[in-house]
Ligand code: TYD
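The data below hold one chain only, encoded as structure tokens and taken in the form predicted on its own.
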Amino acid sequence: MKYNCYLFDFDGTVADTGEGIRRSVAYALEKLGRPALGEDVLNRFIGPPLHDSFVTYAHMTDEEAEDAIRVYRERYVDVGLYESRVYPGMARLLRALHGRGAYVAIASAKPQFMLERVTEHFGLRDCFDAIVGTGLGRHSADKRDLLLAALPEGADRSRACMVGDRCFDIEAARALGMAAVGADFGYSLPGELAGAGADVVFSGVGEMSEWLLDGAMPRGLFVSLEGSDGCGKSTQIAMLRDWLEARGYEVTLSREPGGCPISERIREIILSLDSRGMSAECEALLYAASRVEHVREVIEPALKMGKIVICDRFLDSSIAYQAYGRELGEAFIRQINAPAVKAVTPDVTLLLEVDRAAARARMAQGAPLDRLELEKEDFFARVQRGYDRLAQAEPGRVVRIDASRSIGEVFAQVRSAVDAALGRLSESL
């Protein structure tokens, strides 16, 4: 890595907090009977101390600015703080830096308690060795003071780097003899960061990550979801994607059979009612062929880019449905799938389990049933035995999820399992 210490600004650098800040500033101005400001001006409030921004852009006195901050926080603390999203790829970068032994900290003019609360909310708290913000009073929010407070005792500043999206981030770092990296994906004006003396400026987190990590990008996380049709996988996948993206992870969604053009064409053949009478061996080989293409075109490239791949079914489905449901045996299914799975295995598999009658009831409310969904109950009983066997054989990878509960309760189980997998991934960096 290029440096030993990495200090990050928060607003506009770690997270896009603009919506919550803009809405809360507008709320304060309206409540105080002050003229509304355009979005371009509201964007200037993102990053600098609020007091200075209210004085500069809303033309308030010091006393009026303090009153405006009080009203602003009426909304921001409980609502606006969470109207933000961690920039895509930022969680991966922070975890990679911290996991490889670097000192990582936040140095922000945002109140300390808010920084602690929002990093905890987005699951980033354990990425930082220190979080330094301001108090609620008007003590100094000078960026140099914040940087000095965030550095570990005795740190070599020539081996420290400040990452920020505004000129005062860059100028403070330069004044202290630190390297300065500009995050041009935040709220800087055109040319602002280079003009302030940034050593390098990046327009995206991906290129910044590659530079800071010297090209050694960490592998992503492979999450598969399994279970009988009607177990609620689609709902949980959508919720998981939104949750991960809000936390700053880049997510690739896919499915099997399918996921890429050739595999989707194979999917049509496998599931079509016109394919009734297809032999069990032909069906299994088509699944394996689809999987080879899917892994090479979608899954492997996404994992190499450090993304989180969420896949609706993978090899476990073939084992449950073809090895057990079709009674072809595990050895045969694993053999024909070896070309596809030799390079990738899910880091965590979420097995959603629900009573068969409940699953049937859910399926009856959806789209018309496909060829496999029309199988007899003894087939699905064998499939369930296959899943049981997999869960018992690989308890470290396969996490059983009680999918009979409410959507929110099911997602709490899903979130916990994926959080644990992310933790294991960080430890391996």
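Keep in mind the model is a prediction, meaning the values are calculated, not measured. For every residue, the number given is its place in the sequence shown, counted from 1.
Although not depicted, the form predicted together with the named molecule is the subject of the following passage.
Q: Could you tell me if Val41 has a non-hydrogen atom within 4.5 Å of the named molecule in the predicted complex?
A: Heavy-atom contact with the named molecule at 4.5 Å: absent for Val41.
Q: Using 4.5 Å between non-hydrogen atoms, is Pro257 touching the named molecule in the predicted complex?
A: Yes - in the predicted complex, heavy atoms of Pro257 and the named molecule come within 4.5 Å of each other.
Q: Going by a heavy atom distance of 4.5 Å, is Glu116 a contact of the named molecule in the predicted complex?
A: Although the named molecule is absent here, Glu116 would stay clear of it in the predicted complex, with no heavy atoms inside 4.5 Å.
Q: Might Lys233 be said to contact the named molecule in the predicted complex, defining contact as any heavy atom within 4.5 Å?
A: Looking in the predicted complex, residue contacts with the named molecule include Lys233, since a heavy atom lies within 4.5 Å.
Q: Verify the flagged residues Asp165, Phe202 and Ser209 against the named molecule in the predicted complex: is each one within 4.5 Å by a non-hydrogen atom?
A: No, because Asp165, Phe202 and Ser209 lack any heavy atom that approaches the named molecule to within 4.5 Å in the predicted complex.
Q: Only one of these stretches, 173-181, 308-316, 74-82, 143-151, has heavy atoms within 4.5 Å of the named molecule in the predicted complex; which one is it?
A: Checking each option against the 4.5 Å cut-off leaves 308-316.
Q: Quick one: of Leu372, Ala361, Ala381, Leu32, which gets a non-hydrogen atom within 4.5 angstroms of the named molecule in the predicted complex?
A: The residue from Leu372, Ala361, Ala381, Leu32 that makes the contact is Leu372.
Q: Only one of Tyr287, Phe222, Tyr249, Tyr324 gets a heavy atom within 4.5 Å of the named molecule in the predicted complex. Which one?
A: The residue in contact is Tyr287.
Q: Within 4.5 Å of the named molecule in the predicted complex, which residues of 260-295 have a heavy atom? Give them in sequence order, or say none.
A: If the 4.5 Å heavy-atom criterion is applied to the named molecule in the predicted complex, 260-295 yields Arg267, Leu271, Tyr287, Arg291.
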